[in-house]
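Next up: a single chain in structure tokens, the form predicted alone.
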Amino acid sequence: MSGDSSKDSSDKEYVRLVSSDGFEYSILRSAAAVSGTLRGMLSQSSNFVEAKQNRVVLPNISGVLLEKVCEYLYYNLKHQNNPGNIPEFDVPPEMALELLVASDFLDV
């Protein structure tokens, strides 16, 4: 029975983000929490289905864009307590506008 408990805690450590075209990305819950929108949806105190399933479907974000969003969530998590010299996050020019819209929606 203790094996089930560790599996449950491991399952809760990661969340799945699903793009509009069906790509799924498993990321750490702490990385997802960088986004105010995802943090609210995944909060255990909320009654959102996303919190119960540890899965968030993002119907307005493509797989390519969601991959870059996940990269940024980890980048932000890595550098959040480092006030020093933070390297620039690379954004391809052709993706800039879509990333801006996605970042606004996700509150990052």
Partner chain sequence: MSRNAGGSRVRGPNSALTEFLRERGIVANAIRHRYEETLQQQATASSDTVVTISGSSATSRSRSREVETTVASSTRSKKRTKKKHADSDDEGELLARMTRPKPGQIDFCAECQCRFTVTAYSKPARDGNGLLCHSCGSKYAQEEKQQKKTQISSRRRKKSIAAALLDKQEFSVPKLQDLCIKVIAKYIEDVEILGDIGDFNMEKIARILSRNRSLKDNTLKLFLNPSIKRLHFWDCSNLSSDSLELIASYCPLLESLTLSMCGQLTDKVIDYYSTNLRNLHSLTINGGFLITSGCWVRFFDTVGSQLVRFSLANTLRFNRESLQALVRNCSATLEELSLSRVGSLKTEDIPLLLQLPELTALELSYMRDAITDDDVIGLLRVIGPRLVTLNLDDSGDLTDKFLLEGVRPYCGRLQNLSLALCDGFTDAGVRDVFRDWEFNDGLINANFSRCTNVGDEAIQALIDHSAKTLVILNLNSVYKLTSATFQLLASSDCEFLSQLDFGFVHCVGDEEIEVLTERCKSLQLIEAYGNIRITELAKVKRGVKVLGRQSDSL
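Residue numbers count along the first chain shown, from 1. Remember, predicted model here, so these are calculated numbers, not experimental data.
In what follows, reference is made to the form predicted together with its partner chain, a form of this protein that is not presented.
Residue heavy atoms within 4.5 Å of its partner chain in the predicted bound form occur in exactly one stretch of 38-46, 51-59, 69-77, 24-32, and that stretch is 69-77. The shortest heavy atom separation between residue 14 and its partner chain in the predicted bound form exceeds 4.5 Å. Its partner chain in the predicted bound form is approached by residue 91, whose closest heavy atom lies within 4.5 angstroms of it. Heavy atoms closer than or equal to 4.5 Å to its partner chain in the predicted bound form belong, across 47-66, to no residue whatsoever.
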